[in-house]
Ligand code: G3H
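Here's a solo chain for you in structure tokens, the form predicted on its own.
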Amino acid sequence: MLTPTKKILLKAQKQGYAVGAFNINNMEISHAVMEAAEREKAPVICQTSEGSLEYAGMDMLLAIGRQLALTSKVPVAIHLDHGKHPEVVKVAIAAGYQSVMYDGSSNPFEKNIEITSGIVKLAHEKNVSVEAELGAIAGIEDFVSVKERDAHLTNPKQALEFTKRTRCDFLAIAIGTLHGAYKFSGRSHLDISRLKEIKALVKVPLALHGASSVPKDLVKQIEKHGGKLGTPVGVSDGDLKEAVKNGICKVNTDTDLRLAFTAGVRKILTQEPGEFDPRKILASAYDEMVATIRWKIKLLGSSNKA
């Protein structure tokens, strides 16, 4: 059922779990997200980045997501992820997204507040909720590119001031995560103490970006079937659980789906080199994605919360 993002996240905040926000780029990924959510009886957020909109078009992805949501038995919201350009965010608001993100984290603090406040005002007039970001998350994912030396963690007192002045509905914070598959050198480490400080001051639901786990079994499967990924490292299960325990209500996941998709495609093309039916090739990718999304939903504690 198509459900306001704010309603989904306020329930998660109250009950102490996090909702998976999965990036969709095509029909197969969208279907996989929905099947996994249905099987886990979990609320879910389907989100589109500016990169996915450039690839498939806003109308197409919104139509796919909306149709799947309308026929689903679990709460589903369609969300614009990492809107770096205000004009794109405004188009999404008009198009019928349940929520939009304006990412002004690369702007100076006052400029971020100014632009975010304007978008919040416009969105609230259309009953659309807004996610904002304070603190930059390093790495590369679609149109998000922040050099590690320029990345900074969210200041708790600034987070309080920012949410009060902008009236944003959710806040994406930087506590040490990175976009992409190569997040850390060695084990992940999130600044949980900083998260606790932010949670004590900020009342809106908190979002964690760059939070893919980069499952080792998917990496091994890709490499077994010819891929060469090197040494990717994601956010550990323990760190994610601690983050959710201490206030994170929305966890963005994109890289894990890309890895699952790639693992499935490489596997079938290696095991069945004569296969050329795209439906069968994509079915293998679909199965891997469903399994990965179900695992992530369980990790976040949102199974049976629909």
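No experiment lies behind these values; they were computed from the predicted model shown. Note that residue numbering begins at 1 and tracks the sequence as displayed.
Only in words, not in the display: the form predicted together with this ligand, which the text now covers.
Asks: Taking the shortest heavy atom distance, is Arg258 within 4.5 Å of this ligand in the predicted bound form?
Replies: It does: once this ligand is placed as it appears in the predicted bound form, Arg258 has a heavy atom within 4.5 Å of it.
Asks: In the predicted bound form, does Ser49 come within 4.5 Å of this ligand, counting heavy atoms only?
Replies: Output for Ser49 is yes: heavy atoms within 4.5 Å of this ligand.
Asks: My question is simply whether Asn23 lines the interface with this ligand in the predicted bound form - judged by any non-hydrogen atom within 4.5 Å.
Replies: Answer yes; at least one heavy atom of Asn23 falls within 4.5 Å of this ligand in the predicted bound form.
Asks: Quick one: find which of 107 to 115, 87 to 95, 224 to 232, 74 to 82 has residues within 4.5 Å of this ligand in the predicted bound form by heavy atom distance.
Replies: Of the options given, it is 74 to 82.
Asks: For the stretch 229 to 257, which residues lie within 4.5 Å of this ligand in the predicted bound form by non-hydrogen atom distance?
Replies: Only Asp254 sits within 4.5 Å of the partner.
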